[in-house]
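What follows is one chain in structure tokens, specifically the form predicted on its own.
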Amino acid sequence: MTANTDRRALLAGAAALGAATLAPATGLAKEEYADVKKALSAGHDAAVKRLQDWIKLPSIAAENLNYPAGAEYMKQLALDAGFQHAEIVPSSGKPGVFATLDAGAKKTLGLYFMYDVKQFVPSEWESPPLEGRILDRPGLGKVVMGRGAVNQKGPETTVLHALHAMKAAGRKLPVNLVLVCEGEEEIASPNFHEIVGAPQVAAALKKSVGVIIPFASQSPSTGAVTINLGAKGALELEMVVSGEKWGRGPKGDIHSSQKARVDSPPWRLVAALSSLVSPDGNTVVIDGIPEMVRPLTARERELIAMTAAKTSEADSKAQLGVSRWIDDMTWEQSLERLAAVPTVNIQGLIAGYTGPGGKTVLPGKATAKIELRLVPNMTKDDTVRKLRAHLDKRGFNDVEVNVSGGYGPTETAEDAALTKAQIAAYKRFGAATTLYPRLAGSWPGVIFTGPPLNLPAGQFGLGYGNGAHAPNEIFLIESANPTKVAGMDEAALGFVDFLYQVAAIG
């Protein structure tokens, strides 16, 4: 919800949502979309191959890999799916793709895609990460494994599958589409604002009712979905201590015996990092940030309580590979923290020698790769300023803070038509649905929800996947129980129905 939404408006929104969820929760009638279902089935193998082929072309911004090839490939995928116009949009970094599909409809929906993926280490994978191998997962079904399988090429391919099927069935889309795609999401979208700000892109988006990022949202055990009314922002940076800039410690690696009389850049970096959080690392204490955090509203707490009651703590822990939450808190308390608390996370520490055995060096430089998650009332630029001031106040003036990307949090009203359309589509497919204040992960939705566009934005999608940013990333293509958890064809049909809900709901 927007920052200035009051409780009265929220309650009105809740009432409106109640009206929007009256559609039957037993799945679509058999005769509905029969032509599209037939086309989806006929195009299934082609859709799976489309995903596998896309996985084989990884664009990795951090490694400058496959640019502009990734953008050119995305442009062709859009044209093949029925977009009449597609163009590559340059930026100060990696290019974006802008495409339009004019169906002659009264409403227009924006779609956000990313064509980039995270880095990977092949030796950590069960099967080659660029092969897109089809594997059986007992109790789940057939999955495609590969880097980008669920984040985001699987869900995006599912949308393309839906568009191919509607074209094959001879159906005109009930809404027009505007597609905006970037190649730097995995480095926190440092230049996406330039792509959205391009005159032709901004003009097309202004006509839309909102923007959706494809998602694989279902629980693998229950098929339930959670609609997020926002997402945390993200800030990615490096903190660097070097003996040369510090004026103490060595300028390069020296023998470790000299630690008796020479300062250590790694220990200085550890001290600087420790000043950012409480001793357990779980509470951000950067000067000025705790005061910025907006408390959860009564309605947000109510939504979280309902989500806790209808979702599985065991499933969540199993997927994450954890057995306990911070401070052994309850499931509901963990969901409150997930939605409300900013974080400072150390992604990686780099200093000296990290190979087998020891090398007995005192490193001359130490680097920490840091990511912060931002909550409402926090912005990227203000957070960077506060971090710099915090370090300087404590004498860490020499510690470099090199920001690589970031953006603020995003919020969409509970009573937005886009939210109602999501609920209606999920209910019509029999997916138990809960609302949650804020996705703990991040995407640059604030570029849509903030000025000058001020559009609703969120995630939509049936289906399941796991392993984003990790080894053995998967996306479900054929479900062992499609009436509970959607495979690719069922998820594509869900997106088709979502388009009709967008067209119908005011």
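Just so we're clear, the structure is a prediction, and the values are computed from it rather than from any experiment. One-based numbering along the sequence shown.
What comes next is about the form predicted in complex with another copy of the chain, which does not appear here.
Proximity to another copy of the chain in the predicted bound form, taken as a non-hydrogen atom within 4.5 angstroms, holds for one residue of 358, 199, 104, 138, which is 358.
Between the options 68, 450, 441, 43, the residue in contact with another copy of the chain in the predicted bound form by a heavy atom within 4.5 angstroms is 441. Only one listed stretch (384 to 392, 298 to 306, 418 to 426, 115 to 123) carries heavy atoms within 4.5 Å of another copy of the chain in the predicted bound form, and that stretch is 115 to 123. The candidate spot formed by 169, 194 and 500 is out of contact with another copy of the chain in the predicted bound form: none of the three has a heavy atom within 4.5 Å. Taking non-hydrogen atoms only, residue 291 never approaches another copy of the chain to within 4.5 angstroms in the predicted bound form.
Another copy of the chain is not drawn, but in the predicted bound form it has a heavy atom within 4.5 Å of residue 327. Another copy of the chain is not drawn, but in the predicted bound form it has a heavy atom within 4.5 Å of residue 249. In the predicted bound form, another copy of the chain sits within 4.5 Å of a heavy atom belonging to residue 322.
Taking a 4.5 Å heavy atom cutoff to another copy of the chain in the predicted bound form, the contacting residues in 258 to 273 are 258, 259, 260, 261, 262, 263, 266, 267, 270, 271, 273.
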